[in-house]
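What follows is a single chain, given as structure tokens, in the form predicted alone.
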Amino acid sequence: MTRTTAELMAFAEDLYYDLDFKSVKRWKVKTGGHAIGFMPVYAPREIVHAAGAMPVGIVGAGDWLEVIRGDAYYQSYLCHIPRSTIDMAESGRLDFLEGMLFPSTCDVIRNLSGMWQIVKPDMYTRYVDVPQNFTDGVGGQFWAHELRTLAQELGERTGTEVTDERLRASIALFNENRRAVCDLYSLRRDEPARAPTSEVYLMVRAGLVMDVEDHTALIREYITAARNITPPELDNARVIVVGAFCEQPPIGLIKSIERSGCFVVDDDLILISRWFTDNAAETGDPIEALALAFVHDSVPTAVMYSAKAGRGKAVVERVRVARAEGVIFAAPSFCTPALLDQPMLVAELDREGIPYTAFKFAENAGQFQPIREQTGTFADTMKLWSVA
């Protein structure tokens, strides 16, 4: 029997607030598998899965953990996510992991990978250095070599060889998961009152701590349940949210934006769930398939160089596709990639006459009223005066 959206949300909220990762631990006991953690923004989850491990997204501790140990490792003028991650490691909450992957996001995450080796010297730790050249013969070859090395190392760590057959099967599963998430995003874009972002976010985030097949089924179940409800009639402003691709905003902040009169119809939250804009090939050499998918089909984002059309044009295109009326820049405090990216995006929005507003947040923020007032005013001005 299909669960209601309320029942599905209760399930997802339990996962959201669980800093002990009980769902992952239950999966390990049930399957005898391993767990490999990864930091935002991107990690090759297909290879982790093919090695007999669950890729577990570690996205900080949110607003429900008082960080004490982590503050001893990092300065106050850095983002909050490395401090809460170290705090969870020091407290033993992440001891269930057999390894951690740190993607090439920024200098802070690079530093965190080194700090992790000090805190957890016996745990497999790898800095995932993605290509900065997007030609097949340079960046593609480099990334394929990195993926093969990672596959070998993970296979040795878990005792499960990453064969081509296993990897192709994993690629197919994550392709199907990506299709489900994209269908959910399409539903929200077309009928945002039926699938509010505060629910969509928790549904997608659940995939960070679930088996990929179970998560795909969860997303499909939510889509079915959402289509069976009678949504409220709201005349909210349609906006996209940009900048929260790494450190995640508290769920209360997302709800505050919605309650201020905004429909969030596109975002870059939990970007790993839809990193490829097209599915990786499920035939041929699977390593080459993943390498080419990264080189050719990665979603435009601030954390990696792209020789394609400018980032500003990509944001304008997102506004057009989502039929958005404006843009909300929501960047974590001290997030260098997001804040350096923002002026380029703003310049393009100005040229196109697209309204925007901006604020900064931290994952442990507890006061949302000023943000609600700001985004509420933004929504009102768009409804009253915008011609975008």
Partner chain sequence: MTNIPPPPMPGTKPILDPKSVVKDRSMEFQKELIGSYYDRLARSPETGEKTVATFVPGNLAELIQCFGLVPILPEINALQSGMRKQSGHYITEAERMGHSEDVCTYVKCDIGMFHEGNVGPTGAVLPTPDHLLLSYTGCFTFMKWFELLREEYGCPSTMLQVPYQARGEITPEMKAYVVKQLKTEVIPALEKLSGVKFDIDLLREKLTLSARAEDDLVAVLEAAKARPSPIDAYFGGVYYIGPIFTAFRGTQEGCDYYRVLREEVEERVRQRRGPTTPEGEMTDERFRLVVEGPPNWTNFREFWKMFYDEGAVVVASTYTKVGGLYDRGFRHDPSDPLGSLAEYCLGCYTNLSLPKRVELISDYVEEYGADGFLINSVKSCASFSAGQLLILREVEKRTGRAGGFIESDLVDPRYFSGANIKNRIESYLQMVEQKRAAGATA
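Numbering follows the first chain given and starts at 1. Treat the numbers as computed from the prediction; the structure is a model and nothing was measured.
One more form of this protein should be noted, the form predicted in complex with the partner chain, which is absent from this view; the next part is about it.
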Okay, which stretch from 98-106, 282-290, 214-222, 195-203 lines the partner chain in the predicted bound form, with non-hydrogen atoms inside 4.5 Å? 98-106
Do Pro343 and the partner chain come within 4.5 Å of each other in the predicted bound form, heavy atoms counted? yes
Test of understanding: in the predicted bound form, would Arg188 fall inside 4.5 Å of the partner chain by heavy atoms? no
Indicate whether the partner chain has at least one heavy atom within 4.5 Å of a heavy atom of Thr357 in the predicted bound form. no
Is there a non-hydrogen atom of Glu176 within 4.5 angstroms of a non-hydrogen atom of the partner chain in the predicted bound form? no
Contact residue in the predicted bound form, from Val181, Met210, Met115, Ala226 (heavy atom within 4.5 Å of the partner chain): Met115
Identify, from the list Val130, Leu94, Ile171, Ile254, the residue with a heavy atom within 4.5 Å of the partner chain in the predicted bound form. Val130
Quick check: do Val119, Ser333 and Leu339 each get a heavy atom within 4.5 Å of the partner chain in the predicted bound form? yes
If you apply a 4.5 angstroms heavy atom cut-off, which residues in 137-156 are near the partner chain in the predicted bound form? Gly137, Val138, Gly139, Gln141, Phe142, His145, Glu153
